[in-house]
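So this first bit is one chain, no partners, the form predicted on its own, shown in structure tokens.
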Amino acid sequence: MNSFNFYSPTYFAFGRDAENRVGALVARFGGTKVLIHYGGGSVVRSGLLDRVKASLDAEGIDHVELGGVMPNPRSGLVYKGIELARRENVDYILALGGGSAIDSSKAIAAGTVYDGDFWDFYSGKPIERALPVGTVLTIAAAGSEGSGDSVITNENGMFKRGASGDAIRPEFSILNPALTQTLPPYQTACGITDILAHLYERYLTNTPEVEVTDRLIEALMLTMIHEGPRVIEDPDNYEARANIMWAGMMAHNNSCGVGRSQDWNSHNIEHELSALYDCAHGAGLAVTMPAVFSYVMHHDVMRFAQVAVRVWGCPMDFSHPEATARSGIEAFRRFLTAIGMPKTLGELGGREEDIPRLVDALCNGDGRPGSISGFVTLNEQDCANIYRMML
């Protein structure tokens, strides 16, 4: 296990009607004027936005609004949010929604107190200061409610890139599983896939002797395998929703990733799909991960065999461990298909003629060195091969 520092200060308010505490929590953490940042229809139609504003009003906290966050959140709205926050002297950012609204809120929070272009942070500059952020979560997926991470698509070139820093970890996050009960099955399944991706990206490590975090990851994977089909079959199953929501946070606050190298190649490869085709991130991951895993499996066959046995229940073939590893990848693929996820790039709108463009953006775009690195370093030819496997 590697040496590490771990800091996870977010206060979580979990349970039914927890969103009614938002005003008290903003006040507790010192907010006096709030930018409420959200997507659109569902937050308004469900009455959540009105309940949040009523809670803020009850505490005497001023607020302004900025809606319009899209899936795969865009840089243009971030710039608008920064301008609005500065003009209105906002001192707190409150995200209502899923990972897209939260990631956009984090970008606004960092950009508002920075003299340069907020995109500097998505090009490698560390985030050291930001306005405080709180969240009211409506989708269990990205884990952004408990992480110091944010992903934004730059509309100038359609690059999808991430930024990180403890300064953008939410000060508080409100998690009411009932808020996710109205999600369509497809969106729920995309969230389940994203959570599993966050776990796999940490599981694929080159660091030896990390049994504690291996076992934590395996437990969360097993939870998703158990609860995922239950909630697809019965969307109103509050207990299944609750377990998925908490697992989603645990999967990405990095408690499962400390002391070990991590992968993130599947995420990087998928980001180009959702940037180009505007597909759901989870759906893109469902197509990407089995292809990536099959391509890199021989780098460490026993790691793939281990997860196949411990999580997917595959019998261990000690004479042919690669057969066990493949069985685990296929079991994962079958699970994704069973909950309604796509299997091929074509189902996302992808075409073979797009592959050179995808590879160039992935390996060279925004200053990258012609490859991506993680569990295995992948060059342009490797990435092209993986995209073709997805077809």
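Remember, it's a predicted structure, so these values are computed and weren't measured experimentally. One-based numbering along the sequence shown.
This protein has a second form, the form predicted in complex with 5,6-dihydroxy-NADP, left out of what is shown; the following refers to that one.
Participant: Considering only heavy atoms, tell me if residue 123 and 5,6-dihydroxy-NADP come within 4.5 Å of each other in the predicted complex.
Facilitator: Taking the distances in the predicted complex, the answer for residue 123 is no, it never comes within 4.5 Å of 5,6-dihydroxy-NADP.
Participant: Would residue 184 count as touching 5,6-dihydroxy-NADP in the predicted complex under a 4.5 Å heavy atom rule?
Facilitator: Looking in the predicted complex, residue contacts with 5,6-dihydroxy-NADP include residue 184, since a heavy atom lies within 4.5 Å.
Participant: So in the predicted complex, does residue 99 come within 4.5 Å of 5,6-dihydroxy-NADP, heavy atom to heavy atom?
Facilitator: Taking the distances in the predicted complex, the answer for residue 99 is yes, it comes within 4.5 Å of 5,6-dihydroxy-NADP.
Participant: Any of the heavy atoms of residue 55 lying within 4.5 Å of 5,6-dihydroxy-NADP in the predicted complex?
Facilitator: Because no heavy atom of residue 55 falls inside 4.5 Å of 5,6-dihydroxy-NADP in the predicted complex, the answer is no.
Participant: For the chain shown here without its partner, which stretch in 356-364, 28-36, 322-330, 64-72 has non-hydrogen atoms within 4.5 angstroms of 5,6-dihydroxy-NADP in the predicted complex?
Facilitator: Stretch 64-72 is the one.
Participant: Which residue, 221, 174, 151, 189, has a heavy atom that falls within 4.5 Å of 5,6-dihydroxy-NADP in the predicted complex?
Facilitator: Selected residue: 151.
Participant: Which one, 193, 265, 205, 180, lies within 4.5 Å of 5,6-dihydroxy-NADP in the predicted complex by heavy atoms?
Facilitator: By the 4.5 Å heavy-atom cutoff, the listed residue in contact is 180.
Participant: Mind listing which residues of 262-284 have a heavy atom within 4.5 Å of 5,6-dihydroxy-NADP in the predicted complex?
Facilitator: 267, 271, 281 sit within 4.5 Å of the partner.
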